[in-house]
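One chain follows as structure tokens, the form predicted alone.
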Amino acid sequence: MNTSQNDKIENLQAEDKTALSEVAVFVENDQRSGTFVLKNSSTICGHSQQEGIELLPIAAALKKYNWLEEKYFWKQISKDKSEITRACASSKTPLGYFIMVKKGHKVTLPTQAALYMAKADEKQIIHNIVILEEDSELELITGCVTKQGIDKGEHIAVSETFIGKNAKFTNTMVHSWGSEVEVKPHSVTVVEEGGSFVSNYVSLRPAGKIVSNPVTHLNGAGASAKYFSIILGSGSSEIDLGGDVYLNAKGTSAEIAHRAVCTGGKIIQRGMLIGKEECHAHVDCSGMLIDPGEEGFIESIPGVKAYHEDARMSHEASIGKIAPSEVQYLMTHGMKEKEAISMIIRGFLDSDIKGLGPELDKRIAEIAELAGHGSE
């Protein structure tokens, strides 16, 4: 267990606390096992409150542990892979969080991390590392958000995650961005034998541009991965969300499920499964168009590639609209038209992501409400 000497989250201004709560990052520490907050380019706090988990700013962790750079830092992603990685590698003092869960420890409460932009034209450059040792468990909620009224900025992030034998990691990312923010994350996750990785992504306010294609390597027998995303596209937003899973060992399994509602802007849903051994995997890209305008669209590109005769893999894509008969049915049971449309959208999103709290449940419901209003 560790604590940071930095300013505490309680000392943030009220408007900052409100912004963080929008993405399920709460001041009340009794709801979380640890908290990390980065505001612009300054670390506000980084501490854990439960035995068996260590949470530090990445710069402090690199100073504390020599083995971190030798074994994990920049070991799954090449510094020269892209413009994103080169930008992160060029930072003299890396920003971001380091989380490590010790062997056999089950972290009972979610850990939370906030990457917060509170001034215009900020360029946030992040490098995060998460390590789960054998037989450990962790649920992480990462909230990325801009302060209300801040529309422009750039968020660049590299994340490296290592999930040990029989370890279980659930990573829920909640994004709420300004309308002209550009978001460019690059993440790689490695899962060992019997390990489990679940990635949930919820976009509450679409950024001007998001390009994300997380990569997972299932390297141990019986390892599994699941990606689930909820996206609302509107205005002139451009969202390109993917996910590549390499099933490299016997008995591995994977699922990618994208859900998008487009009331404007451009949405591309991707998902690629690469089976190199006996495995089971499925990718599903589903979209709903509601008055997208002349330029708005959804493009779904699910894919599978098999190298082994016992790789059982499938994909599907569907794009549609709300059926008038469904709206009429609900209206005959006393609902107003907008209420009926919002309920149908909520059912389409079908979110069941635990641990986010009532504030975020309300925000996910608002996605349906906002999209429903766009149908008028």
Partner chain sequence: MSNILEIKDLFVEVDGKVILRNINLEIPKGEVHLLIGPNGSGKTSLLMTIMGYPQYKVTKGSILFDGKNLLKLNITERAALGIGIAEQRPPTISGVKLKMLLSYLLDKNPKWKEEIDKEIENSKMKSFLNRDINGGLSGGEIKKSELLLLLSRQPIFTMLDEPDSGVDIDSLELLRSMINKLFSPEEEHPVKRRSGLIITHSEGIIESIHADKTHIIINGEIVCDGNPQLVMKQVVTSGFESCIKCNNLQGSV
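On a predicted model such as this, the values are computed, not experimentally measured, just so you know. Numbering follows the first chain given and starts at 1.
This protein has a second form, the form predicted together with its partner chain, left out of what is shown; the following refers to that one.
Every residue of the trio Tyr329, His333 and Lys336 has some heavy atom no more than 4.5 Å from its partner chain in the model of the complex. Interface residue among Met313, Ala60, Ile344, Ile319, judged by heavy atoms within 4.5 Å of its partner chain in the model of the complex: Ile344. Proximity to its partner chain in the model of the complex, taken as heavy atoms within 4.5 Å, picks out 320-328 from the listed stretches 320-328, 41-49, 303-311, 65-73. Shown alone here, Phe26 lies farther than 4.5 Å from its partner chain in the model of the complex, counting heavy atoms only.
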